[in-house]
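Shown here is one chain on its own, the form predicted alone, set out as structure tokens.
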């Protein structure tokens, strides 16, 4: 079984992926946060480097409900050296859903069927799909899966929640079990793998899946993947070294304010590791200057 890094908008950009792979147990496949525009801005152009992960496959994710736009972006990805793309049918953000994209597309199963037919026929690169199991009604999952089965999708990454579930527990493992029995393409499990025990439950229940995809779990515990592979838990010093490296390289590419924003986004998850550091964490999140952030981080990590 392989391990994929989930795409998290605003967090798992190129620098994050590069430095996570350097400091911790590496993933075997990485996914970019979604590309949704046919014209790439400077920020998006920074992401278009298919070799940035030292030989580990990087799969760009596309967010679209228009075949012509998807195909245009896929063509640019091929020109940039990528060898596959992933369709985002899982994002639950209101700004995405309101435009009928991400998990919002799951409300329109017939239109999705037509869309998949066109992009699978014309795409210059193989297509995988990351999906939720429906918008607000789990009973549509068999119909939705039958649509996916009709098209030459290379693999199906299933986050077994509805859009209306957002990220609230629990995941709907019965829905994943249905896919496990009925999907015609390789399956990947995604959702709430936060501990070694979470992973073991999935491995035992679904031993023939291709991979698991982990996102928020590695932000809460950057050493999780290593622990799954039998390594010792990471230390505070390792986390400090990683965050220091991440800070320095972000400062080289951005200014102080966006660098602080990116670091605080990581700490919004990482703080769960330090329940007895509430005062220091409050100072970290209030920091408006880098030295204030660094002082707070040193108080937490040593």
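Since this is a predicted model, take the numbers as computed values, not measurements. Residue numbers count along the first chain shown, from 1.
From this point on, the text means the form predicted together with a small molecule, which you will not see here.
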Residue 27 near the small molecule in the model of the complex, any heavy atom under 4.5 Å? no
At the 4.5 Å heavy atom threshold, is residue 64 in contact with the small molecule in the model of the complex? no
Are any of the heavy atoms in residue 214 no more than 4.5 Å from a heavy atom of the small molecule in the model of the complex? yes
Would residue 292 count as a contact of the small molecule in the model of the complex, using a 4.5 angstroms cut-off between non-hydrogen atoms? no
Given a 4.5 Å cut-off on heavy atoms, tell me which of 112-120, 187-195, 203-211, 140-148 is the interface stretch with the small molecule in the model of the complex. 187-195
Could you check which residue among 274, 269, 242, 254 gets a heavy atom within 4.5 Å of the small molecule in the model of the complex? 269
